[in-house]
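Here you get one chain, nothing else, as structure tokens; it is the form predicted on its own.
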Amino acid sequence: MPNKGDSFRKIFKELIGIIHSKAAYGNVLLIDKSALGVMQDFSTVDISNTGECGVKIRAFDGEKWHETFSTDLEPENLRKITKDLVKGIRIDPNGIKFVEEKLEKSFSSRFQKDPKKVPLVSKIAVVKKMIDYLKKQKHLKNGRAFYDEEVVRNIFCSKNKYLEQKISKVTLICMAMVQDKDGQTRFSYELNFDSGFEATKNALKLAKKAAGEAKNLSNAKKIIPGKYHCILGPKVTGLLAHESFGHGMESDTVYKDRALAKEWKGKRIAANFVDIVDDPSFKNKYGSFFFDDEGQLASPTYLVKKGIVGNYITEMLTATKMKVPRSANGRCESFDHKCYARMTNTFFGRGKDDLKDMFRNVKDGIFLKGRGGGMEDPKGWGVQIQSVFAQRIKNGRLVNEYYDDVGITGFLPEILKNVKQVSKEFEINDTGHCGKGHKEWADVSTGGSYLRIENLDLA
């Protein structure tokens, strides 16, 4: 099996030649992934070490993709499956033609401390430090700490491109669990993410913050359904950007007339200080990369710019069919899955308002702090966000009144119309795995600015 970049280059370029002898266009994608996980709770420790390596080979006939894949990277096997793939292809002379610039480049994550050079015992010790602290907190029923490390190497090859990237990801998570007055288990979590082992440097701080928030959770109550004046924290604004807007701007969904965004493109949906961005080029974030799985270099896409609905996030085929700008969002779950238009780091852009001033503008309202989940509704643009942890605001200040399992509902354009302020304070530190219709998972992150929203429906 080839183990050097030049060895892959030689065989991959040969495969491209085989593809172009029969097809209008083709590309080869290598995905080589390794992962290490350490998990500990109050009674158990679990260590996992996983990985996968394979090649996706695609040929385009002018109308549709033909694909194959293999974990056997021996040149003889790769030649055989490529020849089998293109054997019956007939090029549509009037079909779609892809245009690619010539480019050869390699990229790599930058970090302060290479996680691969850190011994396993040190990684276990970081997790143990968090658990030891949580065990001392009498109000906690249990706790979990996770260290997750992933290194992904990609090679993309086409007739005009040869790109390599090596991406490192380290995530540290601390969960603290309590029982509420009804005996139900509730949890809070905090995390750090970075490209290197430096993600672990504030481990004890994470544990303390998670334990403190869990204490507040134990006294949380249900919110009375109604309309509220709200401040949304970055974890929640990220969910709003991702679930309620991002999915609706995926070009393959729009192309199939399954997204209301098509009717809003180019129209005003919010005030001119509101931006929503998807940006895989953002450095050292969980959804970041240097190029997508179709060889498009990473760059930001403004889904909303100055309140106007902007560009779609795209993959190669529907971008060309729709004659819209190509973005770096062609992503596959793995080498044996198809490429779809998928989000990366999706967030509300940085505003100009001071967060303290935003709170001062709320006499009686709710601070939606974090945690939670949601479901996409591209066709109806109905907002569906659940399980949010919240805190009361009185006269511009947070008070000791907490709510859990808060849900946000409403029609997305109505919600965005009611955004009154966007903070200059900005953070993206969350990690997640996003599905497309409950499958085709991709690494994403959310976050961004704080928002002040009036008349928000909570339940």
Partner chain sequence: MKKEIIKQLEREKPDFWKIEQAEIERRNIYFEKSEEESFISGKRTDCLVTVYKKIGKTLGESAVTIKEGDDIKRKIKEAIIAAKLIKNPYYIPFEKFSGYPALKKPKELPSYEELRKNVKDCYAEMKKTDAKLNAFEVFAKKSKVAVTTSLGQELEEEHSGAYAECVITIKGKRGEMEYVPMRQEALLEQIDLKEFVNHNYHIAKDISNSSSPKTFKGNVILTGDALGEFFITSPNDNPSIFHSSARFKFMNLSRFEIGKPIEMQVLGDKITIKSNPLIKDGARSAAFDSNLVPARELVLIENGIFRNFLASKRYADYLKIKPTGPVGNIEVGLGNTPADDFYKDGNCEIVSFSWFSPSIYSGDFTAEVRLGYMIKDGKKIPFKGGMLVGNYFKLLANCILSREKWSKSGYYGPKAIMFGNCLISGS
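Residue numbers count along the first chain shown, from 1. For clarity, every value in this text was computed on a predicted model and none was experimentally measured.
Separately, the form predicted in complex with the partner chain exists; it is not shown, and the next lines address it.
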Is it the case that Ile408, even though its partner is missing from this view, gets within 4.5 Å of the partner chain in the predicted bound form, heavy atoms only? yes
Is Val383 close enough to touch the partner chain in the predicted bound form, meaning at least one heavy atom pair within 4.5 Å? yes
Can you check whether Phe290 is within 4.5 Å of the partner chain in the predicted bound form, heavy atom basis? no
Is there a heavy atom of Thr50 lying 4.5 Å or less from a heavy atom of the partner chain in the predicted bound form? yes
Within 4.5 Å, heavy atoms only, one stretch in 356-364, 230-238, 266-274, 186-194 touches the partner chain in the predicted bound form. Which? 186-194
From Leu317, Ile308, Ile89, Ile167: within 4.5 Å of the partner chain in the predicted bound form by heavy atoms is Leu317
Checking Pro225, Pro325, Gly95, Gly212 against the partner chain in the predicted bound form, the residue with a non-hydrogen atom inside 4.5 angstroms turns out to be Pro225
Asp41, Phe335 and Pro378: each with a heavy atom within 4.5 Å of the partner chain in the predicted bound form? yes
From first to last in sequence, which residues of 250-269 have any non-hydrogen atom within 4.5 angstroms of the partner chain in the predicted bound form? Asp252, Tyr255, Lys256, Asp257, Arg258
